[in-house]
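Consider the single chain below, provided in structure tokens and representing the form predicted alone.
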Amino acid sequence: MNAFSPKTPVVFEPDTANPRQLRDAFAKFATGVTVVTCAGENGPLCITANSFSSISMDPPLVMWAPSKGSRRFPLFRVAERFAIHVLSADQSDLCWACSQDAHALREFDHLVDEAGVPLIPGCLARFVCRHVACHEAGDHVIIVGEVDKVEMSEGDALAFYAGKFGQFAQQ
């Protein structure tokens, strides 16, 4: 087969008895990676998310969508303030740690803003938000935040594709 021949696609109907196929199909979309943080009763909380998107410029709105099945979900659903950190290519260890442990920031440098929201340094962008809405969406909830403060810097982005980390490099 030469490089210009079409590949035979896999066609299927989503089936809750076999969610792996649908998960694999969703993984064909390369995304950036974020860590969302909020204050918790026992210190800073964090969770990884690639379900982040901007929504509106006026007012400045963003969204992310945690799984209802996550043990951290109830804590993030009620957080009045949170920060979404767009990770740089050299932050995969942080990303991995936050995906495994809600309290992983104890092991990483971070600051806390005047509202108690944990802030991770060295990210490509940070959006400090006020919670404005939640929308049910199947086994996830879309959390909408109004952006109060932004910080950004240059660098290469941490990427996620087909279950693996990579990077988007600037050209």
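Keep in mind that this is a model prediction, so the values were computed, not measured. All residue numbers refer to positions in the sequence shown, first residue = 1.
Although it is not shown, the form predicted in complex with a small molecule is what the next lines describe.
K.L.:
Heavy atoms within 4.5 Å of the small molecule in the predicted complex: which of the stretches 125-133, 37-45, 65-73, 105-113 has them?
P.N.:
Answer to the contact question: 65-73.
K.L.:
Could you confirm whether residue 165 comes within 4.5 Å of the small molecule in the predicted complex, counting heavy atoms only?
P.N.:
Yes.
K.L.:
Could you confirm whether residue 33 comes within 4.5 Å of the small molecule in the predicted complex, counting heavy atoms only?
P.N.:
Yes, residue 33 sits close enough to the small molecule in the predicted complex that at least one of its heavy atoms falls within 4.5 Å.
K.L.:
Report whether the minimum heavy atom distance between residue 49 and the small molecule in the predicted complex is within 4.5 Å.
P.N.:
Output for residue 49 is yes: heavy atoms within 4.5 Å of the small molecule.
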